[in-house]
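Next up: a single chain in structure tokens, the form predicted alone.
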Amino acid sequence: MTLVMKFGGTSVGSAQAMRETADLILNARAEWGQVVVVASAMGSKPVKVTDLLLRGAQSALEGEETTYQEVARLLRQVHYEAIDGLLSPEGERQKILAENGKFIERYEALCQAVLALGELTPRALDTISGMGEQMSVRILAAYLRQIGHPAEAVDATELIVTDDNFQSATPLPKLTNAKTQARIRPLLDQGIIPIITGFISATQSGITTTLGRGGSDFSAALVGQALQVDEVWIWTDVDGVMTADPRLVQSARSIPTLSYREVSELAFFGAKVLHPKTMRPCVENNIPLRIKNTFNPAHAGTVIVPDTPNGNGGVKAVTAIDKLSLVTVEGKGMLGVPGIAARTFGAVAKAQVSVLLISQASSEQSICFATPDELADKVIRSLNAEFDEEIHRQDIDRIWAQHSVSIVTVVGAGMRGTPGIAGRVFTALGQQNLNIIAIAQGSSECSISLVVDGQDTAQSVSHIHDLIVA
């Protein structure tokens, strides 16, 4: 059997973390037979390598000459400490030091070019931001070799083929599958553990791209799809997906099983889970995707599958996204007038703002929707310009925003077949005198979203969480 294991930045963030990660890899290999590893850049707090790389590049764009040099010094320190803590002088230490040193020298040269040209293109950003992964995989692979297990660092630019949409490239599945099988299968057949860079990819002509948000997780799913593995494990720093944010609800616990739709809803509404695009390659190929805790490896974590039974009385989790505004377009003259909604969201699109929730009264006299707080004024200006004539005719009475609100979302695919869920949710808040400002529920009934005052967010999440039974 074949398993893909993806490790995040904290799992490779220091020499000790890499030792523990190597143990997890070898334990899994003993159980599964073949293991493929995908690794992020080093990312222990307070130093996150990808953030450092981007900070230095941005400072060079702003004409600042010393920050990127300081970043390069920090990069050397962080990686060299890990190398010194893992690799012996008589082994590969000098070789890996030299390889990582070349990446850092290239980084300095690119930042120097940015400083000179006053330009930082998306293509250059992709090249710069993926260097952390290229350095970390070389260290981890060398350590595995040192302790007697054949391993090889592989840049995903050799495997994952994408379009040229830099910063958030779209993979080309057929080419990716063919290149990944051709490069990785021979290694597995020889008993070699591939240690692959997450996050980065390349165009058909070999130019480095990155996969955007959740990039390393996405890399693991794409590799799993290409190799048709038995499972993909995403190692992180929590025991899988939680029933609520533990910072808001002390009794929050991990959820054993979730469906793709449920996780997609949770991710959209602010939960710390996988991005939906990460899961698609696995779900569409019936490959279980499991989220596990590096620091608690015995815990089963959460497994994501195409569909799940109801469970938990229909409710699986509750999450919240805050710092929002609820924008309302209202007027008696809107009743029965075709195209008002289309024009409303056309104006929002012109302002290049995303809408997180929509609610419309059946009388058609008002439409309200949620947007990020800091963008609400921009949206209102765009709407006022779009409906200037209707406002003067008093067909639209006003366009206004209620600031500092939150969306609290109750998620569970089983809600569709469980009567009374909405009533229980509303009762839970009403009994605590917590006011609901707006409500939205999709026809799929996988989630119910409520808009509440921002100061009521924690209480709302906590009281709804009480509905989730063991």
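A residue's number is simply how far along the shown sequence it sits, counting from 1. For clarity, a rigid core is taken as the largest C-alpha set superposing within 1.5 Å between two forms. A quick note: this is a predicted structure, and the numbers were derived from the prediction, not measured.
The protein also exists as the form predicted together with a small molecule; that form is not presented, and the subsequent description refers to it.
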### Query
What is the one choice in 85, 256, 333, 246 with a heavy atom within 4.5 Å of the small molecule in the predicted complex?
246
#### Entry: Location of the small molecule contact in the predicted complex, chosen stretch of 340 to 348, 246 to 254, 393 to 401, 372 to 380 [non-hydrogen atom, 4.5 Å]
246 to 254
#### Entry: 4.5 Å heavy atom contact, residue 235 to the small molecule in the predicted complex
yes
### Task
May I ask you to state whether residue 194 is within 4.5 Å of the small molecule in the predicted complex, using heavy atom distances?
no
### Task
Using the partner position in the predicted complex, report whether residue 224 sits within 4.5 Å of the small molecule, counting heavy atoms only.
no
### Message
I'd like to know whether residue 13 contacts the small molecule in the predicted complex, with contact meaning heavy atoms within 4.5 angstroms.
### Response
no
### Query
Can a Cα shift of no less than 2 Å be assigned to residue 177 between this form and the one not shown, given superposition on the rigid core?
no
#### Entry: Rigid core fit then residue 210 CA moved by 2 Å or more between this form and the one not shown
no
### Task
Note yes or no: does the Cα of residue 243 move by 2 Å or more between this form and the one not shown after the core is superposed?
yes
